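First, one chain by itself in structure tokens, the form predicted alone.
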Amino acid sequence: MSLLKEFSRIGRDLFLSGLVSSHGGNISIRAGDKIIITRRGSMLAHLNKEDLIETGLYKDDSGIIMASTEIIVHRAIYFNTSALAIVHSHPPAAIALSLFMDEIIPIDSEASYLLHKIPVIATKETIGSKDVANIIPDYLQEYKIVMLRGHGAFSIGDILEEAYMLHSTLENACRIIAYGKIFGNAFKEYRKDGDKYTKW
């Protein structure tokens, strides 16, 4: 599969899944000492060749002008983790829960198994900021996906599909938590050693 097809497939799935708005989110891969990242303000559901920006991993070049505003965060993640792919989305249910929680602990089987728990990180500046770039990589050394309070999630993987899957799983888990709160009853633990889930 060509690079453009892979970026387009993941970008469209992010939009159709409701994980980003028309011009929200960004995705990237690491290619040696280069990053290929979506263009600033691009529509992930309709990516074309001009929307994939190649720029330096370690230093700026001409590509930096058009790169996503989150390039500083992507670079920091690549510097400090083994990631080869990064997805950043704005999942609505997860964002809503991030405004009330310091960590999101799934209660469904799939997300419990895949994610365990998701830390919620708070910074005063949330979009493409040095604060985010300084903090997020430390968490991504231990977790595959993290939430930035009120803004969105960053995930890492060996390929874009892996990084995307984590966002889909997170948002589904947050919807289940929200639905559970509507019913208002105490959660009935069904998992073996379920009391340990808060201690991952």
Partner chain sequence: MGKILWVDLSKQSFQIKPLDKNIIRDFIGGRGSGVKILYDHLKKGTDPFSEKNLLIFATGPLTGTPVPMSGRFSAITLSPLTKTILDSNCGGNFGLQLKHAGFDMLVIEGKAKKIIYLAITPDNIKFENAEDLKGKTTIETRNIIEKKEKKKGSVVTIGPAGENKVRFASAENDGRFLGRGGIGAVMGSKNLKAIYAKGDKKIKVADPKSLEFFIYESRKWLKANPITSTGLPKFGTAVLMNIVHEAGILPINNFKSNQFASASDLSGEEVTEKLFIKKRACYRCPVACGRITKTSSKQGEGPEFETLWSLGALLGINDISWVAETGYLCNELGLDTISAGSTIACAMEMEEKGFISVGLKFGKKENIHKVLKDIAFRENIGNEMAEGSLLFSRKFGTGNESISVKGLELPAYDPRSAHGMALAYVTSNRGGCHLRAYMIAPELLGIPKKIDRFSDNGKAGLVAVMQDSAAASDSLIICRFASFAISDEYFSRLLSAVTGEDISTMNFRLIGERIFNLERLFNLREGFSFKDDNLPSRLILENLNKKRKINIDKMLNEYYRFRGWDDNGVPTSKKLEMLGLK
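Numbering follows the first chain given and starts at 1. Please read these numbers as outputs of a predicted model, since none were measured by experiment.
Although not depicted, the form predicted together with the partner chain is the subject of the following passage.
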Checked E161, D33, D60, E142 for heavy atoms within 4.5 Å of the partner chain in the model of the complex; positive is D60
Looking at I135, M66, M165, A45, which is the one with a non-hydrogen atom within 4.5 Å of the partner chain in the model of the complex?
M66
Determine which one of 127 to 135, 25 to 33, 167 to 175, 149 to 157 lies within 4.5 Å of the partner chain in the model of the complex, judging by heavy atom distances; exactly one does.
127 to 135
Going by the partner chain in the model of the complex, which residues of 17 to 53 come within 4.5 Å of it through any heavy atom?
H23, R39, R40, G41, E50
